[in-house]
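Consider the single chain below, provided in structure tokens and representing the form predicted alone.
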Amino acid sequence: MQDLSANQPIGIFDSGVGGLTVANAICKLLPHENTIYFGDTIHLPYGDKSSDAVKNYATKITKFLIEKQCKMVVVACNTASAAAFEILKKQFEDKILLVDVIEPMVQYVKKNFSDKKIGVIATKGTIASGVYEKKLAEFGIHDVHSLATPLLVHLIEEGFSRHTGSQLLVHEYLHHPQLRKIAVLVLACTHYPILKNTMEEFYHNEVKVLDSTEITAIEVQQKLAENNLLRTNGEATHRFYVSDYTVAFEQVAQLFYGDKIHLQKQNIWNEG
């Protein structure tokens, strides 16, 4: 691995605003860390794209974040984690630290809920990959029931997470027979924590709703500490790039970071 320093930023990417939930958790847990966020809004949502396309997007974005001198790249998207993380490790593990959002969640479920009936909701791409069923089965956890809930991503990306329509859509999905009598619901899309309260209300707090935000942030902290790359003092800076400007992205970003954000359009797909 090339020489890295604690002062270098953490790179975080997703197809849109979803990964901001992970970025925000990282900033809260590690307030001195500099971050660079890339929202690939020109290609959102990844859940509707082919695996090969997502691999291409993830590889190009990771190269961009390496060029921005990041010490770590966090793949803050379940679809990209499922489709591309192994490819990213093969190509870049000798250059930077890498964290995905799936493995930390799998380890958390294994440790805390191995004897429970587990529901998983995510985009079409993540559900089609079967990644959660496969990884949990490796630990003898087989009572796993998955459901694709792709419209939630569109609703959030369009800025309707607080609209009454979001509650209706959440209820429609969670009433599905596939999720009947679950004890744990895994939000296997980084957009979905924005609707977590609505889901908890639906279940009257009788189902444990898990999202990957804090779990991933803890993984980031541990991996940085193991490599002596934690930044423990100084004011942090946060930069935000999008491949195509959208009003909704800025609105959702302001929910997490207030008015102190400046979006930079960086369409890396038009570059050589």
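Sequential numbering from 1, following the sequence displayed. Just so we're clear, the structure is a prediction, and the values are computed from it rather than from any experiment.
One more form of this protein should be noted, the form predicted together with a small molecule, which is absent from this view; the next part is about it.
The single option of Leu65, Ala58, Leu44, Ile26 touching the small molecule in the predicted complex, heavy atom within 4.5 Å: None of the other options qualify; the answer is Leu44.
- prompt: Can you say which of 135 to 143, 91 to 99, 72 to 80, 112 to 120 gets within 4.5 Å of the small molecule in the predicted complex, counting heavy atoms only?
  reply: Only one stretch passes the 4.5 Å heavy-atom test: 72 to 80.
- prompt: Going by a heavy atom distance of 4.5 Å, is Val153 a contact of the small molecule in the predicted complex?
  reply: Close contact exists here: in the predicted complex, Val153 approaches the small molecule to within 4.5 Å, heavy atoms only.
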